[in-house]
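Okay, here we've got a single chain as structure tokens, the form predicted alone, with questions on binding and movement later.
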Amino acid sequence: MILKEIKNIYHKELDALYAKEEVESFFYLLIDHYLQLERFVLVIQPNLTLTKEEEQPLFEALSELKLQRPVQYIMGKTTFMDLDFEVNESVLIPRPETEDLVRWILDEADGRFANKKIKILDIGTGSGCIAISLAKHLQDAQISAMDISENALKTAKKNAESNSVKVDFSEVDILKSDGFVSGFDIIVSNPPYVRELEKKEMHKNVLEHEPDLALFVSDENPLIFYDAITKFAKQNLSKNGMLFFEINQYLAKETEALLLQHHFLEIEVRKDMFGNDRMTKALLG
């Protein structure tokens, strides 16, 4: 079949489910992934014809996209901070706004902790995207990461190996943890923060495929992880150590109040690319 015709079939089958631009993105991601074809291939070869063997994975992916399975899970990988990460249903798909959080940490590390071999802990590491990206950019830092999910940690360890970095991984439930190796200069977490009441705002591809364990908290106690991690950070950060969170945009003031309650200083909230309160930094005095 001619590749251009397959592209037309993608639009015919998927435009009712996704924005046309998103369908275009899916198509080009998949031909690159399965066939190593560049985006401009149809300009150069408008009548490029695929064999049955070549077109099969494209139609299999189309079937999964119709079920609203995320394209990253279909391919089994995604890109974060210009690094490749394996992803599957055991881990959240890394988001661009989390890249902004990593860049913020890198800026602070280059400034406040310049010329120091710093220790960093990532709590709820998932795919390992935060810890591994920090390890890649801060090659003298000692990076640790924890998660409650054994399967997530297996994925994170693979990602650390494939990106040639060293991260010390531990299986820990932060809600039950009463101790760790203290003296961290930076603790960072992107914990579960989506309230049950917010499910109605979410797309089916997230609700039905990404892990609930990494996403949702109860309406009654939405800051349960922030409270536990803040208390943990008080015990395990070094003096003038820093705590970074990705946060629920609707609970920025509540998160800030929690940090103030535990006597953190210099609290700053930053917005994501969509103008939503998305991340916070605080200093342990």
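Bear in mind that the values here come from a model prediction, so they are computed numbers and not experimental data. Residue positions are given as counts along the sequence shown, with the first one as 1.
Beyond the structure shown, there is the form predicted together with a small molecule, which is absent from this document and is the topic of what follows.
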Self-check item: Contact check for Ile130, Ser149 and Val172 against the small molecule in the predicted bound form, heavy atom at 4.5 Å
Solution: yes
Self-check item: Partner-proximal stretch of 191-199, 68-76, 136-144, 161-169 relative to the small molecule in the predicted bound form, 4.5 angstroms, heavy atom
Solution: 191-199
Exercise. Give a yes or no for Asn205: in the predicted bound form, does one of its heavy atoms lie within 4.5 Å of a heavy atom belonging to the small molecule?
Key: no
Practice problem: Please check if Leu106 has a heavy atom lying within 4.5 Å of any heavy atom of the small molecule in the predicted bound form. | Solution: no
Quiz item: Is Leu83 a contact residue for the small molecule in the predicted bound form, using a 4.5 Å heavy atom cut-off?
Solution: no
Quiz item: Using heavy atoms and a 4.5 Å limit, would one call Phe26 a contact residue for the small molecule in the predicted bound form?
Solution: no
